[in-house]
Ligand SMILES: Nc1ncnc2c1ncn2[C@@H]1O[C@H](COP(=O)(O)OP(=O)(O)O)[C@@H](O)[C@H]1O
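Next up is one chain by itself, shown in structure tokens, the form predicted on its own.
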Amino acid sequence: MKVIAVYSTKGGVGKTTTAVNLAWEASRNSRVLLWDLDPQGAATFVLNVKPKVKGGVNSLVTGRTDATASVRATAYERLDVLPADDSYRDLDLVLDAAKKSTHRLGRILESVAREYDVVVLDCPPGSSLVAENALRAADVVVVPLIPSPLSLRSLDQVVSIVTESAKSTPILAFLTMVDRRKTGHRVAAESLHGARPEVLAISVPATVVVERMGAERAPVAAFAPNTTAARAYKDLWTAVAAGVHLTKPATKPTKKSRPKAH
């Protein structure tokens, strides 16, 4: 099982959009779990599942509730969600109170390792115990970057956090919300890939198609497969899959029944 953490120290850079689209692309050929770690629950909303964790996040972290009891199926074959609910607002505190607090999310993921080929973690922004757990569990960290003067600063912050962690996880960054009518965006799209080894030569455009995800309650490629944005997310997944050496062929859905999507 490969674990992909979508993370940035900044908010509003498209982490949830990235996580949902990566999870959908991965589910074409793999069994995928998207774990929504953000208390806002945006990924849970977009994939149209009930924002309810049995017993709350405290029961999940302490092991009183098995993770599979809270997993929800989506409308898409091979794509499940471990949703976020209001209890996730206290996740940092719950982790801090737990034994081996930096390993708890990884231990939860171990319990579903036989069920999934890929896990995508939609992480909240900032430096926190949740982020430390996610980065420790991840095989790769995917960082969305808005093309602005502060984009490299946010990337440097992520690199610093990952470097200081016990596990030096590979980082793959890419540009998102790119408006090529703006000179600064064009320059960033053309120069950042060559300037930093972590930055992929992939950019997701600023487009109403991506903004429609909330209204459609679906990944971009599910309702607009022939758009530039859909192709960009497909290319991003190809790069990420190569980065974690994921070569597993297409798999059938597990026979184990899942709760229906809400």
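Start at 1 and count along the sequence shown; that's the residue number. These numbers were taken from a predicted model, which means no experiment stands behind them.
This next part talks about the form predicted in complex with this ligand, which is not shown.
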query: Non-hydrogen atom contact residue 206 with this ligand in the predicted complex at 4.5 angstroms; finding: yes
query: Residue 176, heavy atom within 4.5 angstroms of this ligand in the predicted complex; finding: yes
query: Partner contact for residue 67 in the predicted complex: this ligand, 4.5 angstroms, heavy atom; finding: no
query: Partner proximity in the predicted complex: residue 13 to this ligand, non-hydrogen atom cutoff 4.5 Å; finding: yes
query: This ligand in the predicted complex: contacting segment from 24-32, 55-63, 191-199, 208-216, heavy atom within 4.5 Å; finding: 208-216
